[in-house]
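This document opens with one chain alone, in structure tokens, the form predicted alone.
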């Protein structure tokens, strides 16, 4: 794989880097010349990425486990002696659920993964990022800004990620550490493909997702990766920024009324 020099000599941790958006981000950083530490709890995917990307190292770890995050940071420093960027990408989008169908325990678990996992790794990495005057990139979602039906827990966690990004940016600016987030829209990933396949009409669901963007297509993981490399390597006067990688999905007007019937007892 040919590598560039935009982020040469730098060391980057990417969580959830074994597939989908995380894999796209890992590839982009390797192509920019960086050394990439791929964190994932799926060993087969992580090992495959390590084999694919010269300049990458896979560390089996779960972002919801603090000891795993401590080991991830210490192993990164042991191998490379520095840390320049943390990309907090690991997360999950549950299937659609109305509020009354959600469970409190499920909400707690999603908070652990989508929000607290990001905070744990960031907190542990900050001493090293302060030394390198590095940066943090959190992967949020456009739905944290515009909402999404039947997804209250997910939307809440992503809205919190964006808010946390801004607060951390304020605290870390005195150390020269920048903190930004990327909010993707519809990105064609194995997760999107699997979700569509579970629908009664997968083709129609994919078409719906495609036409949600004024650009008339879904995004690709590589495009989120390009945004991450830009924030890390060139956006030196950006902190607390939410970069939308959405194809314009949040723009304009559209049909917003719910398409399902309210249960009789709630009327």
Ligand SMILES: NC(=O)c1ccc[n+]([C@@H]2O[C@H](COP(=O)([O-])OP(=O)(O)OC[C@H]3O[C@@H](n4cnc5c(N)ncnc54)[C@H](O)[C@@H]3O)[C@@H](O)[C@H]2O)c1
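Positions refer to the first chain, counted from 1. Computed from a predicted structure; not experimentally measured.
This next part talks about the form predicted in complex with the named molecule, which is not shown.
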Touches the named molecule in the model of the complex: residue 62 (any heavy atom, 4.5 Å): yes
Report whether the minimum heavy atom distance between residue 19 and the named molecule in the model of the complex is within 4.5 Å. yes
Is there a heavy atom of residue 86 lying 4.5 Å or less from a heavy atom of the named molecule in the model of the complex? no
Do residue 39 and the named molecule come within 4.5 Å of each other in the model of the complex, heavy atoms counted? yes
Heavy atoms within 4.5 Å of the named molecule in the model of the complex: which stretch among 62-70, 29-37, 227-235, 198-206? 62-70
Among 124, 191, 116, 155, which has at least one heavy atom within 4.5 Å of the named molecule in the model of the complex? 191
Contacts from 151-188 to the named molecule in the model of the complex (any heavy atom within 4.5 Å), listed N to C, are 154, 158, 184, 185, 186, 187
